[in-house]
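For reference, the chain that follows is the form predicted alone, supplied as structure tokens.
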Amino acid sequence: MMRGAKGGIGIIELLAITAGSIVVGAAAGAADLEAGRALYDDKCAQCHGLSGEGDGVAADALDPRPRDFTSGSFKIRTTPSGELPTDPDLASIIERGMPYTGMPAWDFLGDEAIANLVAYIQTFNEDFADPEMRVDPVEIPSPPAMTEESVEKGRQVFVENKCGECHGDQGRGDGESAPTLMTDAGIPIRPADMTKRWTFRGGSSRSDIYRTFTTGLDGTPMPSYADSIDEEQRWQLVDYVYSLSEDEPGYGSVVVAQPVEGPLSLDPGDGSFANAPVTRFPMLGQVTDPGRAFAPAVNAVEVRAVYNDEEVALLVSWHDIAGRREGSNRPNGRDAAPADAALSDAVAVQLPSKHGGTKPYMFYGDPANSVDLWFYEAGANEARVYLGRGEENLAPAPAGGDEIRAKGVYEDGRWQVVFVAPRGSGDAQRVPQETFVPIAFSVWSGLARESGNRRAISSWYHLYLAPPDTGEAYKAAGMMGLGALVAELLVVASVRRSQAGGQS
């Protein structure tokens, strides 16, 4: 049964309803509800609001916004589209959280406390107190075998149902309508990046994805396909979406640059980076200093690196739903950009100005330990170099420090920006070989109005220039192995002689 009128009711009114009319877990009593209220006020109200309307003090800083419990509309459910979630549905979200949002996992609270929270959350909407508004969950059959054929058929289902209009042709969330999507409440919402299923809010298993296609995500543009696509086709669509992503992000800590012959190109597709390993780094919001970004648009960057005798090149790529080249951007500044200012996308690479094992302060260095910032602005399609001695002391690098070259390409929801920089020589060598050089990244999304301090940032990681493979390492390993074999044969011969002497 579809939900009827919605409205909040207080604790007293709820307790006045007969126990037979309330379906909240195991018929939670007054003590359970009071425990749930106290826990909610302590742990949940900061985001969801004391009255459950999703208007807590932190709500404006979060994307997506906290759930409005009074609406009765819930995205992650096992019930049909438009229906209330079950008690286990609510408990599951509280226990597991929603990845890559402000909703953490509360599994440490324990089953009893979570059941109390579920009971109290249901008091915010009177429909939960009406048994006739409760429906059974949909059946989730066991997943059939995933095959190349099912993946290909799923791709056809993806195309036929115009999934790419929101999620993009490659599933990176960059469809034509992506920048304009809104929730039912008129709040902008981003379609899922299907190439990163570890970010799926309702779970990343094939069964989880099938459930989403079957029930839809209420309150969002994501519909239910229960009536328009049969079960077999839904599983095929699941298999195609599943095939677009790895199981886990596999975040790394070191970019290993490979040596190459010849000049380094600014073209990300010329093959120079083909044999360079990819390292993925998580990106988080800059929330320490004014201008903060609590919900940055970019959650990861992927980096490859190559070098020759004179230069080093970095290929930095990330996903964004729109490649913005209009306007300009800046790496520093606490004030928000004017509302009418066009902001382009941008990315920066940060390294210590001097190498000696000391990592400068994360936010553009400090007076004692400066950083070099390679800043690529998509609007200009070029790099500028800054010298940073702190957030308030970031200025264009002195003459001779502007020789960094850069070029960016945006296609199918992915930015690829190549930086090429001289390695230098002697004490002035920017990136020494066989040395772990600290490196960090920042990304600005123009569509998300990110500029200055409002940006996605990484922690300090490392860049390592692997030595050329001259074969010496294999020779050394071979000699060590041969030496070990000779030693072993000598020991065996000695033991046999000893045993032979004892028998004579």
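Every value quoted in this text rests on a predicted model; they were computed, and no experiment measured them. Note that residue numbering follows the sequence shown and begins at 1.
Beyond what is shown, the protein has a form predicted together with heme C; the following relates to that form.
Asker: Check whether Val443 has any heavy atom within 4.5 Å of a heavy atom of heme C in the predicted complex, and answer yes or no.
Answerer: So Val443 does not count as contacting heme C.
Asker: Do Cys47 and heme C come within 4.5 Å of each other in the predicted complex, heavy atoms counted?
Answerer: So Cys47 counts as contacting heme C.
Asker: With a 4.5 Å heavy atom cut-off, would you call His462 a contact of heme C in the predicted complex?
Answerer: Residue-level check for His462: no, no contact with heme C.
Asker: With the partner left out of view, is Arg67 within 4.5 angstroms of heme C in the predicted complex by any non-hydrogen atom?
Answerer: Arg67 belongs to the contact set for heme C.
Asker: Can you pick out, from Pro80, Pro223, Gly291, Pro277, the residue that has a heavy atom within 4.5 Å of heme C in the predicted complex?
Answerer: Exactly one residue meets the criterion: Pro223.
Asker: Please identify the residue among Lys359, Arg334, Lys162, Lys354 with any heavy atom within 4.5 Å of heme C in the predicted complex.
Answerer: Contact residue from the list: Lys162.
Asker: Using a 4.5 Å heavy atom cut-off, indicate which stretch of 346 to 354, 214 to 222, 430 to 438, 299 to 307 touches heme C in the predicted complex.
Answerer: Among the candidates, contact is made by 214 to 222.
Asker: Determine the residues of 81 to 107 with a heavy atom within 4.5 Å of heme C in the predicted complex and present them in sequence order; the list may be empty.
Answerer: Contacts from 81 to 107: Leu90, Ile93, Ile94, Met98, Thr101, Gly102, Met103, Pro104, Trp106.
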